[in-house]
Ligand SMILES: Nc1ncnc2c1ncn2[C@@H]1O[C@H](COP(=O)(O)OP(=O)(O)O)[C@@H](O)[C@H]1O
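A single chain comes next, written as structure tokens; it is the form predicted on its own.
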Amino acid sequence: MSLDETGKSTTDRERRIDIDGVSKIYGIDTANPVRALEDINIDIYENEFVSVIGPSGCGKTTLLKCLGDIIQPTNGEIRIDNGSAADARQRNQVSFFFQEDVLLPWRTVMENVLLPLEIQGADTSDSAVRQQAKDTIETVGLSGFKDNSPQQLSGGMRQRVALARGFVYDPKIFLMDEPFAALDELTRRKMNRELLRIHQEIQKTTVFVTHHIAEAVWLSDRVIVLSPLPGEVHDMVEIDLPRPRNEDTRGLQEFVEYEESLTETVMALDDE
């Protein structure tokens, strides 16, 4: 059983997301429909960090897009805080992080981070609103860079800006689709460390799609393994490692065992 910093188990927390019998078929009206997801049933709890792994093409991103109300499931239901995924999106309860940072190159760091608040109708010239953005920029470790353009930043720094933009309006749920996949291994490790620090500070429910198994183990309370198409829940693994975590956690025998076991599972599924 996974525990948070207070010693409270994840299953003692309030349920935040309820995925009930979700299936997704692409091209359902065509001659060659693709069944991407099949009967997915998952409960995700308040402040829980859940990673979704599996072979390429198993429906990880499709599941995340259903949660974010970007696409609609063919069957089944998604409930977020007792409302629909569309309700959660309209109430700005969910923030979606893409594989690319998708920053606007003509805007500064501050202006990129202010964008979600601007879209929501906030007066971005207001000092309190700008301070909110400034505080978020500092949270992701970019103090002193608020007036820089994206072109002046490294890949890792751009991803920090993307994180700040997703954090700034204080959503309840983060949906993250391989946000560090394009980074080199060292930068990725640094961003993992930053995300872990931020999660430990602000405690948000997070669903994180990744191919990187060590990343999933280090960050997560629970790892969900999807099988190849159609994507089904093959396994759910509680990551029973103490929090707060740091680089020393990677050297624990339990960490190594989780990583090796999950790697073997995904490789076996990929061979099917």
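Residues carry their position along the shown sequence, with the first being 1. Predicted model only: the values in this text are computed from it and were never measured.
What comes next is about the form predicted together with the ligand, which does not appear here.
- The closest heavy atom approach of residue 213 to the ligand in the predicted bound form falls outside 4.5 Å.
- Among residues of the shown chain, residue 55 is one whose heavy atoms approach the ligand to within 4.5 Å in the predicted bound form.
- Contact between residue 36 and the ligand in the predicted bound form is found at the 4.5 Å heavy atom cutoff.
- In the predicted bound form, none of the heavy atoms of residue 206 sits within 4.5 Å of a heavy atom of the ligand.
- Proximity to the ligand in the predicted bound form, taken as heavy atoms within 4.5 Å, picks out 28-36 from the listed stretches 43-51, 28-36, 236-244, 214-222.
- Contacts to the ligand in the predicted bound form (heavy atom within 4.5 Å) from stretch 56-74: 56, 57, 58, 59, 60, 61, 62.
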